[in-house]
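Single chain ahead, by itself, as structure tokens, in the form predicted alone.
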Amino acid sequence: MHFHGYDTGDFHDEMFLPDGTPRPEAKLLVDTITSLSGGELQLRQKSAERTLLELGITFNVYGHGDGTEKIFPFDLIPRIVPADDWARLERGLKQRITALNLFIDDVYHDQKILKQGVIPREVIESAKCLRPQCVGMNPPKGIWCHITGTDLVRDRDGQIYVLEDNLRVPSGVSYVLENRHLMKRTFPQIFEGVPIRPVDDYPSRLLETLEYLAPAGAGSARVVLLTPGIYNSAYFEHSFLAQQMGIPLVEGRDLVVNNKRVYMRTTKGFERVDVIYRRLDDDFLDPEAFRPDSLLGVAGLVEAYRAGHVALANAPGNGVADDKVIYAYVPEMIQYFLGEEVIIPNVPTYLCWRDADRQHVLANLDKLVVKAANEAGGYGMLVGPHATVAQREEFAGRISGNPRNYIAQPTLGLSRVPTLVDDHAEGRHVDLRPYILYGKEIFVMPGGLTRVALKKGSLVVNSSQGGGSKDTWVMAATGGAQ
């Protein structure tokens, strides 16, 4: 298989220059793929898919008619990020997460950013994920967002933007780690010849981040991963990360609170728990503090957290900064809290609660992407140019009925990466979700989850909407292969 006839189109291609020659960092990969005999790359692709199935690397598709679990679609041709591009992205992500953390702390304490009118008070007070229960809370070490997945996109002109922040319970990092293992098995010679930065240390860094949060005097910290259970769409990831970190995977029924301390039921009796990496939303965390009908959480957990006897990652209430309307104000947060200009800009965003913005959006629905403030997974979204008249009319009604809940953005020409289609490569649109850990210091995983829209022409990369993933190779600035 080779790239003869590959068309970069009217987009930024992550592997080829507009004249069709490989970018310098991609040359060895292109040469290696081109040198394969006919059908060899397809055989390696099928082998990778078989491995995914054997390892149980799947995700659940809610409401799908032909079964609940599917392998996470994977494409063998990776996305390559040059070292200098990555250095800037890393600085920008650290800047962003620092400001977001200061913003969340301010919202639940002094609210200086609201009092000074930098962000309108009504925007914050109407946020769906604002948690009054968290007012005055002081999370361990002052950190609210320990694990973040920030979605980045590159437009036609090569400019990289932040598309959205995922601060509540971001998922997908297990696919990053498994994709890398698959690629090392498939192209071992490339990893010997190209300085690709490693991602394998993520579980150990995640564990270090969690242990850093343990209450003072805890000694050897007992960390657990709290999952909603086997029917959750990301259950594979929950079990994978617990296994990689060597910590217990627990459900709410495995934990109990006594005297404002959390204990885990074991075959040897009750054992103290110091840190909980929770993979369920605030609403279900504690029936005494949030939804009283939750059967997934632990009664009394928030009280134990307030008392400082257990740490929670991510901190309850941090979803206030996950709101796509509040996202629009992150550049102002960076200026306000850090006194800096934003390094990675936001996508230009229209806020439908503003009369002028709403009128513009309603008049241009055929050109814009409209998103609900708190939906994820590609749901609650309208891609205007690809929508029917009826779909646009329905969204116009939704926007008019609840303007605070909607934002709109221009339809970006997302960058593309060659993707295997039968016996040849075609360009498919991608985004990138790097993972950021905030513990003793801020660590940005070199790479992240490259999600790819496998349907020709589609801009929707979510797995629930027909997307897949690729390995992401961040080039090291110096040194040998990793």
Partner chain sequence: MSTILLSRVADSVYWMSRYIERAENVARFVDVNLNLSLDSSLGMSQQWAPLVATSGDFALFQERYGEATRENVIEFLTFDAKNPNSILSCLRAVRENARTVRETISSEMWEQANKLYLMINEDVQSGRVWNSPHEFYADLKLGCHLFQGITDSTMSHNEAWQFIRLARKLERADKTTRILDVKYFLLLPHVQDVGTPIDDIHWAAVLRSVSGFEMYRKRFGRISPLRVVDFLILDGEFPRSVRYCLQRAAESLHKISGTPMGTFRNAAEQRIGHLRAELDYTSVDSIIGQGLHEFLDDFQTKLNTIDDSVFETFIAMRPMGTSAARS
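Computed from a predicted model, the values in this text were never measured in an experiment. Positions refer to the first chain, counted from 1.
Although not depicted, the form predicted together with its partner chain is the subject of the following passage.
Residue among Q189, Q116, T266, S400 with a heavy atom within 4.5 Å of its partner chain in the model of the complex: Exactly one listed residue reaches within 4.5 Å, namely T266.
Position in contact with its partner chain when the complex is considered in the model of the complex, options L362, V256, I124, M381, heavy atoms within 4.5 Å: Exactly one residue meets the criterion: V256.
R222: touches its partner chain in the model of the complex, heavy atom cutoff 4.5 angstroms: Yes, R222 is a contact residue.
Heavy atom of I230 within 4.5 Å of its partner chain in the model of the complex: The answer is yes: I230 has a heavy atom within 4.5 Å of its partner chain.
is_contact(D85, its partner chain) in the model of the complex, heavy atom dist at most 4.5 Å: So D85 does not count as contacting its partner chain.
is_contact(P248, its partner chain) in the model of the complex, heavy atom dist at most 4.5 Å: Contact with its partner chain, yes.
Stretch in contact in the model of the complex with its partner chain, which is absent here, among 307 to 315, 125 to 133, 197 to 205, 240 to 248 (heavy atoms within 4.5 Å): The contacting stretch is 240 to 248.
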